[in-house]
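As a starting point, one isolated chain is supplied in structure tokens, in the form predicted alone.
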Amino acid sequence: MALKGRDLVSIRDLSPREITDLLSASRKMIPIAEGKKSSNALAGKIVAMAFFEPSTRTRLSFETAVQRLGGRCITIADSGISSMKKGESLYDTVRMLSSYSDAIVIRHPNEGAARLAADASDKPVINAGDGAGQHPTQALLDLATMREAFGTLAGLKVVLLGDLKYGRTVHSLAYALGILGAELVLASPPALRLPDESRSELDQLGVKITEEPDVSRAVRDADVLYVTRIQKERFPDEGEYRKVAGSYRIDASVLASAKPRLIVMHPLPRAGEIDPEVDRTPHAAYFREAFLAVPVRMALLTGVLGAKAG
């Protein structure tokens, strides 16, 4: 893969071949991610974690990935204790971080912040989520979860359920699934439909898309049910959020008519969308999905830093 020195701001920065190569590389990283094999691929490398928005899985899985590969992290986990509190611009903060590290992973509440960071840095920048924009590494680990379960992505029928308007994971994943040959079923409250520009792009790519607001009907022929949390923090008005809060909940009754091999995924955290009873069924794949974040991000980091796992 010719990823060395490149930024990953959007999933569109990767070709279909580069995506599948990354997924293949991540499979080889699993023993390292599990601690069954050691690697010093990133020995001597420092990766800056610039997280200006709350994160659990994304930040910790990136830090785990770096440390499992023998590298080190420097971390901003709260903008309130950085010099941005004093008025320093994001541009200047990133310029400073690029002089201290070999790569930067950034999460920011403002859409477009990752692109600005990439412009400011002379080191590779990886977008770990920018507002309601993109979350490309989440899309990669979601794809890895599906490919592990089914051996392929082409031809899969994937239901995208929930907040398709503000859910940045969906914006990245829908595009990636489309260019890799999956069929999409969109299920959301009317106010949270996939943005028109995303839908138009998928239509231009020739992606097969249907809309089915009834979740029970949507899952009958599906291979994957991808559930998302309604993004309360993205709503400009709390009253609008209250209108759609609790619009759906996945439980055993919803899954009763599903295929035996259907997998239920969720980028997490969940906030009531999936009943804990689903955890005990063979459909639950979200905790495996969370683990696969580590080998996928290991593969990406070694790629952009020009390292080889060994």
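Computed from a prediction, not measured in an experiment: that's the story for all the values here. Each residue number is its position in the shown sequence, starting from 1.
This next part talks about the form predicted in complex with a small molecule, which is not shown.
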Non-hydrogen atom within 4.5 angstroms of the small molecule in the predicted complex for each of Thr58, Gln138 and Pro269: yes
Lys157, Lys123, His108, Arg168 - the one with a heavy atom within 4.5 Å of the small molecule in the predicted complex: Arg168
is_contact(Arg229, the small molecule) in the predicted complex, heavy atom dist at most 4.5 Å: yes
Stretch in contact in the predicted complex with the small molecule, which is absent here, among 274-282, 261-269, 36-44, 22-30 (heavy atoms within 4.5 Å): 261-269
